[in-house]
Ligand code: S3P
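Listed next as structure tokens is one chain, alone, in the form predicted on its own.
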Amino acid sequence: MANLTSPKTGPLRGRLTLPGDKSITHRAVMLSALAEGTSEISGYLASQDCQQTIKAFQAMGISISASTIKGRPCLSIEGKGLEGLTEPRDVLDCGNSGTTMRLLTGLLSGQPFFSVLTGDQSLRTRPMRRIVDPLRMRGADIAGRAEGAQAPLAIVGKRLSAIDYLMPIASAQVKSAILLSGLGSAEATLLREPKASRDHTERMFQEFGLNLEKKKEILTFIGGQPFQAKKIAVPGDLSSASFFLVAGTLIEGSDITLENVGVNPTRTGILDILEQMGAKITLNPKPDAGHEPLADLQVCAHPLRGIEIEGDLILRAIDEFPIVCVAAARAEGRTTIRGAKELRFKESDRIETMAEALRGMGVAVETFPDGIQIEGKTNWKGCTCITGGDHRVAMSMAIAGLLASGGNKIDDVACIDTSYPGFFKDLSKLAEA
């Protein structure tokens, strides 16, 4: 246990280039491996989660090399085409990465070989039926614990049939798993979403020239189309940016500019939430990175007010919930978040984990099955934070510790490497500017 967030009264200032977007990195690696030729991915996220995806494809015969070009991490991936993967000789370990496991389950369901996916203790408890059931509907042969509800998952890959699937919940991972399962088949994949979820997979399909049609919340894709390697630039991760957006808002005198951040509209719920709460964030658009919009984000300190958060905002800011809770705990008045039951099935039960952490700081919190209610206050006491191994909780409580008397003690900071290995280095850079 380490006291990594000693009290600090000075402002955070300066410019910061964030690590690459985690969601986009996963998808870029997967499609590059199935493309024909050598793809180059610049600005990829070299985190533990993304490394698990890279290692999985290396275990299936794909040559992937890493380098640094002009200060940016880069990958070179020698794609072997739709039928170029080879059967792995060992179990594929997804670590803590739900994205790796869920998307690979879809992709490998349509490959002509046997594979087994597992993960760490946390990942083996997370729900998998949401992808297994629709994949089985199109003929996938998948076995797992609790009838496929939990990993490890064993997959006997095969050519899959067509599917016309009405998704019960809006989920980018479910949608992506089903789309990836249809890559090698000429049978139609038709998906209907109740609401629009993150569309990084659709944009990456378009980046590689795949024929995917989107009309409102209906997606149609015909697979079996060979596609060529590409050069891909990965934007800065908006989820990583959210910690500094909140820190820059809450710490008096702060003025931070975050450069080249992805501002995909299916991801910008955090910007809308903070704006409704009164934050001063300026968005300066930049040229797009492929099919993904980019902007520099400038944030200055400003008081916040409590609001109600529900509906579409939840879907578009689902990963930013822990740091939104920190903002709410400092805002004037009450903030209520509802319709967020999905948060109970992340790396931790984020509703209860954040509630306990904030209570430890003296904040009044009430939880519901699908959300949380937070009474804002300005005087925080430091606490010992139990993260449940959740990287976003750890980073959120590190930010909170900058404003807490005595700072916060974080029980697990190693988990931060799953998404943002340089988090504390970047935080120190802004503090010293």
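Keep in mind it's a predicted model, so treat the numbers as computed, not measured. Residues carry their position along the shown sequence, with the first being 1.
Another form exists, predicted together with this ligand; not displayed. Remarks below refer to it.
Query raised in the report: Is the gap between residue 346 and this ligand in the predicted complex 4.5 Å or less for some heavy atom pair?
Result: Yes, contact at 4.5 Å.
Query raised in the report: Is the gap between residue 342 and this ligand in the predicted complex 4.5 Å or less for some heavy atom pair?
Result: Judged by the heavy-atom cut-off of 4.5 Å, residue 342 is in contact with this ligand in the predicted complex.
Query raised in the report: Looking in the predicted complex, any heavy atom of residue 335 within 4.5 Å of this ligand?
Result: No, residue 335 stays farther than 4.5 Å from this ligand in the predicted complex.
Query raised in the report: Hey, in the predicted complex, does residue 142 get a heavy atom within 4.5 angstroms of this ligand?
Result: Although this ligand is absent here, residue 142 would stay clear of it in the predicted complex, with no heavy atoms inside 4.5 Å.
Requested in this report: Using heavy atoms only and a 4.5 Å cut-off, decide whether all three of 36, 76 and 230 touch this ligand in the predicted complex.
Outcome: No.
Report task. Select from the listed residues 319, 237, 292, 202 the one whose heavy atoms reach within 4.5 Å of this ligand in the predicted complex. Result -> Selected option: 319.
**Report entry** Contact residue in the predicted complex, from 111, 189, 268, 99 (heavy atom within 4.5 Å of this ligand)
**Finding:** By the 4.5 Å heavy-atom cutoff, the listed residue in contact is 99.
Requested in this report: Tell me the stretch among 169-177, 217-225, 254-262, 326-334 that has any heavy atom within 4.5 angstroms of this ligand in the predicted complex.
Outcome: Careful reading of the contacts points to 169-177.
Query - Contact set, 195-214 vs this ligand in the predicted complex - heavy atom within 4.5 angstroms - result: If the 4.5 Å heavy-atom criterion is applied to this ligand in the predicted complex, 195-214 yields only 198.
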